[in-house]
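Take a look at this single chain in structure tokens; it is the form predicted alone.
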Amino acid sequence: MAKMLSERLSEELERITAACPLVPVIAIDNLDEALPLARALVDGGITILEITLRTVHGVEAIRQLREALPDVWVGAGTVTTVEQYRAVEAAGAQFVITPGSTRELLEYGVDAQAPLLPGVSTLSEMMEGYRLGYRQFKFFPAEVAGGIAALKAFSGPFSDVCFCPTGGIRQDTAADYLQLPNVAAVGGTWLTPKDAIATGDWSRITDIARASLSLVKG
């Protein structure tokens, strides 16, 4: 019989996704930018940081941010293997987000150190995690996979499941997703525009974060 997701991990993931409605999807191209970028987001009210493994600096950025920002949830995104999962846990990641789901990742996540938010784009994928006790998922790529209409349809047979949709969501559409009862938070790259990072325009990033939170809370 397969192991089921531990209650500790399920509750911890609920606390994390409840901490902030917006989750910036962050790719670190230059390690020196990690801390000023994170601080700019935090100054704008963001309390969850998803550091992706899309670049070689992801794991070290997680380690540095965990040390520098102890009051912020710092986790790993774009985790695709159990080996990467273990590596980000060792770096101090407080949560793990995957773009899709494999049985190996789901089974590792049921009693891992850091809670897993598995990525899904269909009900069939979601049901693989559901049978192991997962009740929170990343919906990716949200816009391509059906967006708000798909999430409304998912709520019929699975009213006890919550999602964090990511992929194609913009500042002006985030609030529409968050109005759905089965959406706990939304993720996006609009919070970290590459041109602002390249020029070190941290105040602009703070302004974007603050404005985005105002829109979704208003």
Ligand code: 3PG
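Don't overthink the numbering: it's just position in the shown sequence, from 1. In this text, all values refer to a predicted model and were calculated from it rather than measured experimentally.
The same protein also exists as the form predicted together with the ligand; that form is not shown, yet it is the one meant from here on.
- The ligand is not drawn, but in the predicted complex it has no heavy atom within 4.5 Å of Lys152.
- Taking the partner from elsewhere, Ile169 is found to have a heavy atom lying within 4.5 Å of the ligand in the predicted complex.
- In the predicted complex, the ligand sits within 4.5 Å of a heavy atom of Phe140.
- Not displayed here, the ligand is approached by Val25 to within 4.5 Å at the level of heavy atoms in the predicted complex.
- Residue heavy atoms within 4.5 Å of the ligand in the predicted complex occur in exactly one stretch of 181-189, 35-43, 152-160, 55-63, and that stretch is 181-189.
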